[in-house]
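Quick setup: the structure tokens below cover two forms of a single protein chain, split into structure 1 and structure 2.
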Structure 1
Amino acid sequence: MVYSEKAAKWVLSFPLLLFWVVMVVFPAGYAIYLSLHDVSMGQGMSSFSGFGNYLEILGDADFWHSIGFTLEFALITTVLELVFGFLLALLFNRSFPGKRPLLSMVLLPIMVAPSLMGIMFRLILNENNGVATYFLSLLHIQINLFDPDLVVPLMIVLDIMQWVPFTFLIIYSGLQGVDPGLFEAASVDGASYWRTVLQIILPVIAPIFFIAAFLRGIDAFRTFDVIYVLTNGGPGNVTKTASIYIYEAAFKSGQIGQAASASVIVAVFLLLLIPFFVKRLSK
């Protein structure tokens, strides 16, 4: 009986289903339950508040600002990381001396915990003993990288420094599967190289672009550590991401019910994107 395909699909999915019930259904349900109650730190559960928390969050300009910034940040970083990751992958797709050690080196930033990476950036960008500021001063560039006008581009550059290696890895792997003949054809006539890349190679690896875009886009949307460590969302609220907003609501202001409802809103918002990706991935 278990050997029939009908049974097998249940048997094989069982670990995931079990995991779902244990690790997802309860916490997600509980989070929604929290979002409908007036809960604050220490008080534990108090009264049912209906959609009060939701209305509170939806009416908070600060929340919308953080969503706006997060979207902008996620969109720009994801696009740039895909582009740079792709270009780097094209470079690596040639044969050149020192390829293997360089590949290992390029992948290194992925292995640093973002929470520690933030500290490392803080060290390098520190004005008084930081190396970056020192080099800029040698070039007679006197700017404050954390100026309200520059801080967003700075955060984007830092995100790129850590995560281009990730998009590179996925896209480079994709290029490995491309018939080398396609590239040979391109290299015969240098002028047509970019046309070949855009018209032939890119469509072939489009699916992996979607995987990279999905994984990176979602993570960029949840960005927390590096920005939290460096600017704490400031100056003002210029760099406050949705995750920082929720974190502050839950752990700093102690408004756990409100934090839960903000998370549900963010999740619902992102859920709208899912069908788009699933269609691309499982076509």
Structure 2
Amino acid sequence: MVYSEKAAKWVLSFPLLLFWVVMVVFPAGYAIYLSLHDVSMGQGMSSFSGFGNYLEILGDADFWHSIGFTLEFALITTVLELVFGFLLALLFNRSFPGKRPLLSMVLLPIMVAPSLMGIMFRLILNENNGVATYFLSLLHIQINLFDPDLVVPLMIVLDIMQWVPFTFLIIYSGLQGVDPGLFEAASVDGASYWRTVLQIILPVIAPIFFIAAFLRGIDAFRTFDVIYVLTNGGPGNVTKTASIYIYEAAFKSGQIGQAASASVIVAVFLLLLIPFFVKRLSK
């Protein structure tokens, strides 16, 4: 009986283990293997280079710039998306006319593929014949939104537009599980609405906030498609994320080994963040 139960556990878990090995363990192991060899697009596998690729990447100022920009971008967008998502969740946590159609409109941006979103805004914001440029010209405003001083705020705004619905959905689902009696009890005690939200409701749904922050932060850190389509990492390297750096190292420069080592460094950095979020969620 005990043997059959153990066998059943392995049989039932085998598909998940197989998926994990094929989709996680093997790619990660192969990336580490490539990072330790001198591999280029044209010449294929070369000699064992040890940590040579890692030293090359760690000594590249362009790599550190991409890491710095990615951290800045991920931190700002995640914080703002949590704030706006929370405010939207509070708004939709009450009944009002037209709630259902408005909810559908709010969720619309996350239904659009990021690359398609990038192409769409590339056409809208085009400095020569874009719709936004045309309306700004009617107001006698001559501005290039892809200027180095404006392009980073522009990328942040576009990311917020697309991903606030994501944080909203997570936080809204958490608010749905909060007892409405908490608001009523706080109101009887004379607490204002915002005091109730900040001192009672927010601590209750804090784990939901950390889940949203973790998922959105990781996704923002690996942002690639929207920024690549819109700016190609430019002007210069102003908007070059870590993902774009790795892509260019592999498919433009052809340095597969260096690209693999950069991806391993980024993966290790992200893995170091996981214990912090797990600790916060377990409280």
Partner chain sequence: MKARKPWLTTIAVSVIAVFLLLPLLNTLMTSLKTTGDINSFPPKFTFAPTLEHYRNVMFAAGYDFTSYFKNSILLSVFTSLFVIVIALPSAYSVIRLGFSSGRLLTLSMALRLFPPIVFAIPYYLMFQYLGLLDTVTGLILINIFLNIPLGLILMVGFLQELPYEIEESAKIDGCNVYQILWKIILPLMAPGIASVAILAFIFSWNDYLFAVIISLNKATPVTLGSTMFITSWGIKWGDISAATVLSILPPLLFTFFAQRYLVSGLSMGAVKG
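Counting starts at 1 and follows the sequence of structure 1. Please read all numbers here as calculations on a predicted model, not as lab measurements. If you superpose the two forms and keep the largest set of C-alpha atoms that fall within 1.5 Å, you have the rigid core.
As for origin, structure 1 is the form predicted together with its partner chain and structure 2 is not. After superposition on the rigid core, the Cα of A267 moves by less than 2 Å between the two structures. Relative to the superposed core, L16 moves its CA by 2.6 Å between the two structures.
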